[in-house]
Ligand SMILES: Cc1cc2nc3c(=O)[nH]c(=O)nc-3n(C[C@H](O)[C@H](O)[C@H](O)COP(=O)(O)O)c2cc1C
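Here you get one chain, nothing else, as structure tokens; it is the form predicted on its own.
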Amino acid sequence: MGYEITTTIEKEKCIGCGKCVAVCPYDAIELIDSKAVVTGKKSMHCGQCAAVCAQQAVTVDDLVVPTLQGELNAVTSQLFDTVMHRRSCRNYKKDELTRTEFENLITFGQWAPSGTNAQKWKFTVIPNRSSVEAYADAIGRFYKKLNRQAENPALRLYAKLFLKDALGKYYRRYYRQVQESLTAWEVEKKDLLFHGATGAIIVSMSPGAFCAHDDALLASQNICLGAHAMGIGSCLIGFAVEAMKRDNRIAQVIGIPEAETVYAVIALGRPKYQYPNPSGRLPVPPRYFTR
């Protein structure tokens, strides 16, 4: 997994604060002689390192910072600033969110659009760190079992012949990463799934929604934007969603009815670091269709 790294660091500007080292999800940067140095070969191209550096010493070469064009009113500028500076948070303080904060975030989610105005969202709150860990343990049990299956060459061959190579694809793409995460949690109590988040909101849909997947993700984006505006860090946890799709016992552990389908798991907490810069995005030239 990952992309070829294009991160560069200007040694003269670096003050050795170590923030870029801490926020890199691929551990691709180290402090050497009190200066940040790129030592990894792979990157997520997330731009977290550039965003967190107050000295602007870090650059991810293939990312650009898009801007809006023309004259902007104050509301548009403020909204764009919120959108541009929101990012996935993988470093949290130990402080927990309040019940009011969780319910305000859910209110943000409820104001999302939904197909045919179905509004079939359901929101399950994981309110504190101990509950997050219990939830993560249930997810970990699923991946332990899946990794044991993926280790078996006979099962991978069966999956290749009859299941469109599903187990083999998992083994090649995710097995090693998941195994490292499981080992880090069991041996070091290092949380590579929820990144130390002190809470979470699970977005599910009850039956009857016309376009359930779209509705759930629109609500999730509203929650993430609301969280940023409230000074709360957020991160979508895809591995948790995939586990819950395949093992309904996880939903039972946290009280989600069998009839509901989970579409998003949002880790939440108070961010450990502030990000003074936008992270940048890969350029995407628009297409136009005209007659």
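From a predicted model like this one, the values you see are computed outputs, not experimental measurements. In case it trips you up, residue 1 is the first one in the sequence shown, and so on.
In what follows, reference is made to the form predicted together with the ligand, a form of this protein that is not presented.
Asks: Looking in the model of the complex, is the ligand within 4.5 Å of a heavy atom from each of 90, 239 and 281?
Replies: Yes: each residue has a heavy atom within 4.5 Å of the partner.
Asks: If you check in the model of the complex, is residue 46 within 4.5 Å of the ligand, heavy atoms only?
Replies: Contact check for residue 46: yes, within 4.5 Å of the ligand in the model of the complex.
Asks: With the partner left out of view, is residue 58 within 4.5 angstroms of the ligand in the model of the complex by any non-hydrogen atom?
Replies: Residue 58 lies outside the contact set for the ligand.
Asks: Would you classify residue 251 as touching the ligand in the model of the complex, given a 4.5 Å non-hydrogen atom cut-off?
Replies: No, residue 251 is distant from the partner.
Asks: Against the ligand in the model of the complex, would residue 235 count as a contact residue? Criterion: heavy atoms within 4.5 Å.
Replies: Yes, residue 235 lies within 4.5 Å of the ligand in the model of the complex.
Asks: Just to confirm, with a 4.5 Å cut-off on non-hydrogen atoms, which of 122, 195, 141, 129 contacts the ligand in the model of the complex?
Replies: Selected option: 195.
Asks: So which stretch, 148 to 156, 167 to 175, 80 to 88, 94 to 102, is the one near the ligand in the model of the complex (non-hydrogen atoms, 4.5 Å)?
Replies: Going by heavy atoms within 4.5 Å, the stretch is 80 to 88.
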